[in-house]
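A single chain, nothing else alongside it, follows as structure tokens in the form predicted on its own.
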Amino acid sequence: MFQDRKICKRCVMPESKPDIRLNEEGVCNLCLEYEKNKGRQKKQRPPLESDLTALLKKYRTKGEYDCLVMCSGGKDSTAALYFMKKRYKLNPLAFTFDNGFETEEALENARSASEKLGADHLLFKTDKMKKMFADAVKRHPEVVLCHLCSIWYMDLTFRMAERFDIPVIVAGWTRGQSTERAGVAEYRYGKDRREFTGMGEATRRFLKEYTRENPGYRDFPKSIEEVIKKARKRHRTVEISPHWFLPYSEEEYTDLITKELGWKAPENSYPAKSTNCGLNFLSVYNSMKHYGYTHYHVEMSKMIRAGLMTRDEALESLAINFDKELLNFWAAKLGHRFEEI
């Protein structure tokens, strides 16, 4: 589906000049900088479960809900809901956001998990973003749809926490995405991350023009930074993921929720063994076409450098596992079709 590109021999980032370059040995500048900085920086201990329990205790209130769990129905977020309810005995509000492209498998996982755990479940479904997604796919394919969606759902999540006066937002973010509180969105799409320079500029340029030309989206945030800045003024929250603190591997907690909650992996998803919405296929295709990689390549490369994943495991997971038929099934919902693949 895509032309072969030179890939770093240590991680899985392809050469994408000027931001990502390979040296004569085939190692990217990101890996070289990581090794260089690792020797200079003071070694910090990894997050411990005691850190998590301290945070939960600090921010626990007498409100109706102890935390809001962003539960998409994927293994990571479902496990996060499980840990909050079963391990820490909190009263969570499971929050599922459907951009109109969530699969029935994911939605059923979220519904079933909430029901079996006895957790209140709030499903927010809207077609508000459909026009923006359609215009981006048809006219600006260089814009990463996942960026637009992430800005939308993070803003929505903060507003839901404010609405129910919830002090803690819990997600299924992995260590490959971030280990900084409130930092995953900034890490993934922040303007200071060179891996996202081209993508970030395309997103900001598109949103600046689009919100000016489309009154219905005039108040749509222009960036994750804007979302967080405005949210902080309205309502204070702390954002965490249990996967930063607990010693469970992905295989272990997937097995746990499969046995106890009946969680089921979707038939089709990218990357392999993940759960993402149908829009993700379009986003991945355009990202690979225009940049040669996706945000999943960035996340897994970070995990490889940290020793949390092997390069072979990442390559297997990132192999394109969808075809033109599946891509156009989801594209049709936006009135689009990919002819040349």
Partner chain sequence: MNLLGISCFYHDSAASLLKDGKIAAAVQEERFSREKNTSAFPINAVNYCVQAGGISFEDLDAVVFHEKPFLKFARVVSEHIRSYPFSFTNFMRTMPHWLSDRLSLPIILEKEIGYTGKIFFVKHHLSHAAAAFLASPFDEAAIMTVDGVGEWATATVGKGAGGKVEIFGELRYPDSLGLLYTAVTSYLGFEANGGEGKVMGLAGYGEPVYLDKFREIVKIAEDGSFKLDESYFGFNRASRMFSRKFLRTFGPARRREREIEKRHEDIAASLQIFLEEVLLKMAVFVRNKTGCRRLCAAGGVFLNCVANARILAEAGFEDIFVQPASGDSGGALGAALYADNVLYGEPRRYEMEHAYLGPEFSRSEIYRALVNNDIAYEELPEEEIIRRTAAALSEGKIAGWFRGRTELGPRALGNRSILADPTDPAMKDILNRKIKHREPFRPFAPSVLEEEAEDYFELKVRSPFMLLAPRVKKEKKNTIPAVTHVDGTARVQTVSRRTNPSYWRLIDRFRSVKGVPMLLNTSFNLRGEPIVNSPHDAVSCFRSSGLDLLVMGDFIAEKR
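Numbering follows the first chain given and starts at 1. Just so it is clear, the model here is predicted, and its values are computed rather than measured.
The next section is about a form of this same protein that is not shown, the form predicted in complex with its partner chain.
With a 4.5 Å cutoff on heavy atoms, Ala272 does not count as touching its partner chain in the predicted bound form; it lies far away. Its partner chain in the predicted bound form comes within 4.5 Å of a heavy atom belonging to Tyr248. Proximity of Met288 to its partner chain in the predicted bound form: non-hydrogen atoms within 4.5 Å are absent; the residue sits far from the partner.
Not displayed here, its partner chain is approached by Lys57 to within 4.5 Å at the level of heavy atoms in the predicted bound form. Listed residues Lys233, Arg139, Lys89, Lys259 were compared with its partner chain in the predicted bound form; Lys89 is the one with a heavy atom within 4.5 Å. Think of it this way: in the predicted bound form, its partner chain has a heavy atom of just one of Ile304, Leu282, Leu68, Cys28 within 4.5 Å, and the residue is Ile304. The partner is not drawn, yet in the predicted bound form one stretch among 220-228, 81-89, 117-125, 198-206 has residues with heavy atoms inside 4.5 Å of its partner chain: 81-89. If you take 288-310 and check each residue for a heavy atom within 4.5 Å of its partner chain in the predicted bound form, you get Ile304, Gly307, Leu308, Met309, Thr310, in sequence order.
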